[in-house]
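Only one chain comes next, encoded as structure tokens, the form predicted alone.
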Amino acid sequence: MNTVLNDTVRDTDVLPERIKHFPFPFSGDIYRYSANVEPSRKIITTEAGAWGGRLVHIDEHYLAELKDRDEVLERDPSRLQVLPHMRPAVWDAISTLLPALVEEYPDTLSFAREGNSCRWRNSLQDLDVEFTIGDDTSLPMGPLRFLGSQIQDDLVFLDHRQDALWLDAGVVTFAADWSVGFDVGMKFMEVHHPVPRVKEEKIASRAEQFLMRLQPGEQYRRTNWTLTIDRRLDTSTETYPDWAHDRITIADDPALPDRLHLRVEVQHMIRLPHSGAVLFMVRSYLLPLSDIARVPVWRENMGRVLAELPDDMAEYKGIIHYAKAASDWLLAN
């Protein structure tokens, strides 16, 4: 684990796009849970490039990740959940996100609407479809699965009632160690109850109050992170037997720098304008340590964060067995 990083790239112009647009989450050597909320579409400049200028980001993994989503849903339909009262919120999300996509990618996407009659064209998928807002039968796959087939983000819908937020719908195929099928129908605070320190430090309760105060159309975002072994987006609790053993063995694997990925979620929060529901869009990015190490500041920051991370946080993130090995490799001379 004392590999010398002789191939570190210091000229960002030669870095590949996957590194240039990666939302590196650390600004220092210590990490603690926080709300870290900021306005959506704010461009963040990093040591490698920049990210954040768009609400929905389409990258080189677009078709591959949507194929993965489709395969996950075919194997396990429980990853898509819509309680009956959330149907209007799903249509609200469609009428909100499709125009935003066209604004950001006008050369490849188009959306026309006359009344409730709509036409959506996506040249990346060679798709041309007509549907009617509010009519589930006009989209044979259903409105939420259709929306999930057009963007790489997972989607979670929170209903605001009884002075609380409730997770009442979602299509989540790329969960990081949780299950939408298990959490659907729960309160926001119940969903976040297992996270260490958030109750004592009132982070979750402050976050819920912030979300409940969002005005129609307002958009914010935050980031979250963990580590994932191999380029596996689907690490839901349903697939735990497929990847849990790797957590025990990866620390001694010579291929650790290429297999171990920093996983960053960019979570957008939108108060939908017509239904009043809060939409969580969760876009997951993966970058191996070997790529992190090509940016010297990232290598140092991440290495020190992992070295200092308290055990309870490392345990909750599922990285306690290999965080030290990753830190040692990143900080090696």
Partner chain sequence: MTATALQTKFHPVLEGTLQLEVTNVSAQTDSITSITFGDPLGELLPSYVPGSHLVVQYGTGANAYSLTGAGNAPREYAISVLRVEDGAGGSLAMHALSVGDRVQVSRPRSAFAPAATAKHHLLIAAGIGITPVLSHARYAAEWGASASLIYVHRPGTGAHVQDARDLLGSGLTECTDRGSFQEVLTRKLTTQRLGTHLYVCGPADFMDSVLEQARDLGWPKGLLHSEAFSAAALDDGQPFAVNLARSGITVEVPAGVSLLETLENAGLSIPNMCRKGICGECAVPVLRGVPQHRDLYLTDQEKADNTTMMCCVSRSLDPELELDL
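All values derive from a computational prediction rather than experimental measurement. Numbering follows the first chain given and starts at 1.
The discussion below concerns the form predicted in complex with its partner chain, not included here.
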- request: Indicate whether the candidate residues F146, S236 and P241 are all in contact with its partner chain in the predicted complex, with contact defined as any heavy atom within 4.5 Å.
  value: no
query: So, in the predicted complex, is A207 in contact with its partner chain at a 4.5 angstroms heavy atom limit?
result: yes
query: Within a 4.5 Å heavy atom cut-off, is S284 in contact with its partner chain in the predicted complex?
result: no
message: Since only the chain is shown here, I'm wondering whether Q215 would be in contact with its partner chain in the predicted complex (any heavy atom pair within 4.5 Å).
response: yes
field: 4.5 angstroms heavy atom contact with its partner chain in the predicted complex for H274
entry: yes
query: in the predicted complex, which of the stretches 184-192, 146-154, 109-117, 257-265 has residues with heavy atoms within 4.5 Å of its partner chain?
result: 109-117
task: Check each of R232, R75, H85, R247 and return the one that places a heavy atom within 4.5 angstroms of its partner chain in the predicted complex.
output: H85
message: Just to be sure I understand the contacts: of E38, D70, E47, E300, which is the one whose heavy atoms reach within 4.5 angstroms of its partner chain in the predicted complex?
response: E38
- prompt: Considering only 91-107, what residues come within 4.5 Å of its partner chain in the predicted complex, judged by heavy atoms?
  reply: W91, P99
